[in-house]
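This document opens with one chain alone, in structure tokens, the form predicted alone.
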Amino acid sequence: MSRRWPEHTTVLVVEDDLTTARIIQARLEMEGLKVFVALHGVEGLEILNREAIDLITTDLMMPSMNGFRLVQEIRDLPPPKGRIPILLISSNQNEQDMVRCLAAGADDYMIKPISVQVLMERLWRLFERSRRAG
């Protein structure tokens, strides 16, 4: 499916596995998106504080600050940063953790191994929903 992302659309990828982060980054950049990579939640918040970000993907299990805590920290920020769509990605299939992350403010949850096509579709859907909400 062909999508036309607006110029200068940015994505923050928070992932402690550098190989996975680079795979996601490469695919997003092929779509014309500008990508920032952080290896844990603390670094992700630092990037979020200095850059204009449109979408966030984050792993759940990471050192320093896990994805659950990162989602909470982002949702505590004032708009517009506090409203950035967040896709949580994890190998954890525990239903309670999924519910906990969604209740904390993640907009969607995806289980590893990820399908790049599904990832792109979910990010597009989150982006479009966010744009329509204003």
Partner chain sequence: MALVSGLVLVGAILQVRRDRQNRHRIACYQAWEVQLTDYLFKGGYERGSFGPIPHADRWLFRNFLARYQSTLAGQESEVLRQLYLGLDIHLSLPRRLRSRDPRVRAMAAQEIGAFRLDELTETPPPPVADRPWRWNPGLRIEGYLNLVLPLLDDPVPYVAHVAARTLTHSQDLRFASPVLAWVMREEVYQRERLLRVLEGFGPGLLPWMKDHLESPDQNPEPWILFALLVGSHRHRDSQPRLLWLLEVPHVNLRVSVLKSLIILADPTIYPKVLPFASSPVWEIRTQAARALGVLGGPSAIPALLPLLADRVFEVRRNAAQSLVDLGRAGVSALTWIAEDASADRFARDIARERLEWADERGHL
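Numbering follows the first chain given and starts at 1. All figures in this text were calculated on a predicted structure; none of them were measured in a lab.
Not pictured, yet referred to below: the form predicted in complex with the partner chain.
**Study point:** Interface residue in the predicted bound form among 40, 27, 69, 100, criterion: non-hydrogen atom within 4.5 angstroms of the partner chain
**Key:** Of 40, 27, 69, 100, the residue with a heavy atom within 4.5 Å of the partner chain in the predicted bound form is 27.
Check your understanding: Does residue 20 reach the partner chain in the predicted bound form, with heavy atoms at most 4.5 Å apart?
Key -> Although the partner chain is absent here, residue 20 would touch it in the predicted bound form, with heavy atoms inside 4.5 Å.
**Study point:** residue 125: touches the partner chain in the predicted bound form, heavy atom cutoff 4.5 angstroms
**Key:** No.
**Study point:** Stretch 103 to 118: residues contacting the partner chain in the predicted bound form, 4.5 Å heavy atom cut-off
**Key:** Residues within 4.5 Å: 112, 113, 114, 115, 116, 117.
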